[in-house]
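We begin with a single chain expressed as structure tokens, specifically the form predicted alone.
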Amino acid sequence: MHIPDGFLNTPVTLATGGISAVALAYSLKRVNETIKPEQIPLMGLMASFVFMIQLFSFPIGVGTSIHLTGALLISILLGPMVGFLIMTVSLLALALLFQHGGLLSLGANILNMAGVGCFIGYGIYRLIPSQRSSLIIAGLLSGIASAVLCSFELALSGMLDLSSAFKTMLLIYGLTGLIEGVITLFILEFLRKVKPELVEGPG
């Protein structure tokens, strides 16, 4: 859901940018305190993976687009703080290199994708005992949470009629989140067979 520049008004841009900046500063501090050298190669690999899958996005006609994010997967493998940093770097690179989202709206895009996927999605995953169910539910609910945030940001900026588009946004992002949860489940099941220590790591 890469929101371009010009779709958010100044108050929404400042608010989302401020929240994302605080989350980024906190994540950097925690990662600097806890990062292990053996995690660094996996961080690079996951950053490349996230960057690639986010290149494939599809516009949905309301000033934004949909795609898989990889946020839930990298948060499980490396922890939500590292996941948030990787997602932030990926979103910045996509905005600079491919105009996938604007620079002024970068704070909103970080909040909607990195914040929701890495913190809310991961939190839901950890709360539910059954791993298979937790992945699917985490993907679904994080997709819905992203839809709610994105819809309200666009509505507050006067770019979206919330009453007419909200249900559509929930359906689209909820389905996208559900698909991401299922794909994450398959990837983790595969890794558990070939490289179980990755799945039992910091996440």
Partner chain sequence: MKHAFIDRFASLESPIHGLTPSLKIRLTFLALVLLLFGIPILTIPHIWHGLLLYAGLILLAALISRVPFPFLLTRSALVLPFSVLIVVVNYFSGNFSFPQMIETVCKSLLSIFTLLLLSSTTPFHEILKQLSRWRAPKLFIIILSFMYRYFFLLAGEIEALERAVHMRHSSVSGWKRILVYTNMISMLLVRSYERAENVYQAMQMRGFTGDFR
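Numbering follows the first chain given and starts at 1. Note that this is a predicted model, so its numbers are computed, not measured. Rigid core (definition): largest C-alpha set, two forms, superposition within 1.5 Å.
Omitted here: the form predicted in complex with its partner chain. The next part is about that form.
Interface residue remark: residue 97 is counted as part of the site for its partner chain in the predicted complex, having a heavy atom within 4.5 Å. The closest heavy atom approach of residue 103 to its partner chain in the predicted complex falls within 4.5 Å. Taking the partner from the other structure, its partner chain in the predicted complex has a heavy atom within 4.5 Å of a heavy atom of residue 31. Though the partner is left out of this view, residue 15 does not reach within 4.5 Å of its partner chain in the predicted complex, counting heavy atoms only. Contact with its partner chain in the predicted complex, judged by any heavy atom within 4.5 Å, is made by just one of 175, 43, 137, 149: 43. Taking its partner chain as it sits in the predicted complex, the stretch 153-186 comes within 4.5 angstroms of it through a non-hydrogen atom at 154, 158, 159, 160, 161, 164, 168, 169, 172, 183, 186. Annotation for residue 178: C-alpha shift under 2 angstroms between this form and the one not shown, rigid core superposed. Taking the rigid core as fixed, one finds a CA shift for residue 165 of 2 Å or more between this form and the one not shown. Between residue 38 and residue 191, the Cα spacing is larger in the predicted complex than in the shown form, differing by no less than 3 Å.
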